[in-house]
Each structure stands twice: as structure tokens, then as C-alpha cells.
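Here's a solo chain for you in C-alpha cells, the form predicted alone.
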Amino acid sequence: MSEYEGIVKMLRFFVQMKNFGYVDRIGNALNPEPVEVTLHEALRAFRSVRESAPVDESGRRYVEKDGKKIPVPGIPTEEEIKAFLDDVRSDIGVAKRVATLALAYPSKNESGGDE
């Protein structure tokens, strides 16, 4: 699943923001169409948040929620999105696995966000 790391990190960001809608819709999709629509909406919202997020002294973007700084990961690449959607079209279980990973706590080396 590391080939979808950018998508997982983006969805995990929404989970940290207590916005479970995108993850739930992707994880509960019964066919590829809802995954495509939801991913499109998530990317659009994420770009907006990311582009307006402040940058800390180390150059990382973050948003504040409940007094905590939540790192804003990078935007998934076009190649990653294309590969994910192609794989979802052949196996809807891929979407469920990505949604499940987004709900898990990140490993130590991921938790600091990225730029």
C-alpha cells in the first residue's frame, strides 16, 4: 500500500481534523464511481486547505485544531492518483484498504508531516 502513501496521508489529515466523511465514503464504496467522486472532492478541499495553511519555522505547513498543530502533508501526485483509480476499477477492495490505513495511527517516521 506504500504506492498510495500520499492518498493515505491526505485522508489521514482529514481524520485528524475530525472530518471522517471522505474516508468513510471511500471505505464504504461498493463500486469505483463513488471513490472517484469522493477523491475529487477530497483533493479539491485539501488543496484549498494546504494553500492557505501557515508555514512554521521549519518550513512545514500546518493547521491548528483544538490548540494542536496538525501537519499538512503534500498533495498526492498525478501518477499516484491515476494508479490508485486504475487499481480501484479492477479491485474495489483497494479503496477499503486505503481508507483503513488512513484511520490507523501513523508510524513514528510519518507523524511529523512532510513537505
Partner chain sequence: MFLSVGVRFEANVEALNMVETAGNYSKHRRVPYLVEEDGRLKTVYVPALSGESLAHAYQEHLVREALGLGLPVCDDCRRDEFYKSMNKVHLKKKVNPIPDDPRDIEIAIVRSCVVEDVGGFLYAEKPPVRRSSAFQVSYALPVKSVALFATSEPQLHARHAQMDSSSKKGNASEQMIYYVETGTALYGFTFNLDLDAIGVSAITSEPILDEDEIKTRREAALRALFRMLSSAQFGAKLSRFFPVGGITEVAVAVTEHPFVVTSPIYDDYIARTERRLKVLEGLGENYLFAVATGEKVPEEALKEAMDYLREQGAF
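Remember, it's a predicted structure, so these values are computed and weren't measured experimentally. Numbering follows the first chain given and starts at 1.
Keep in mind that the form predicted in complex with the partner chain is missing from the display, and what follows is about it.
Of the residues given (28, 58, 31, 77), 31 alone sits with a heavy atom within 4.5 Å of the partner chain in the predicted complex. Although the partner is absent here, residue 22 lies within 4.5 Å of the partner chain in the predicted complex, judged by heavy atoms. In the predicted complex, residue 90 stays away from the partner chain, with no heavy atom inside 4.5 Å. Of the heavy atoms in residue 63, none are within 4.5 Å of the partner chain in the predicted complex.
At the 4.5 Å threshold, heavy atoms of residue 70 stay clear of the partner chain in the predicted complex, well away from it.
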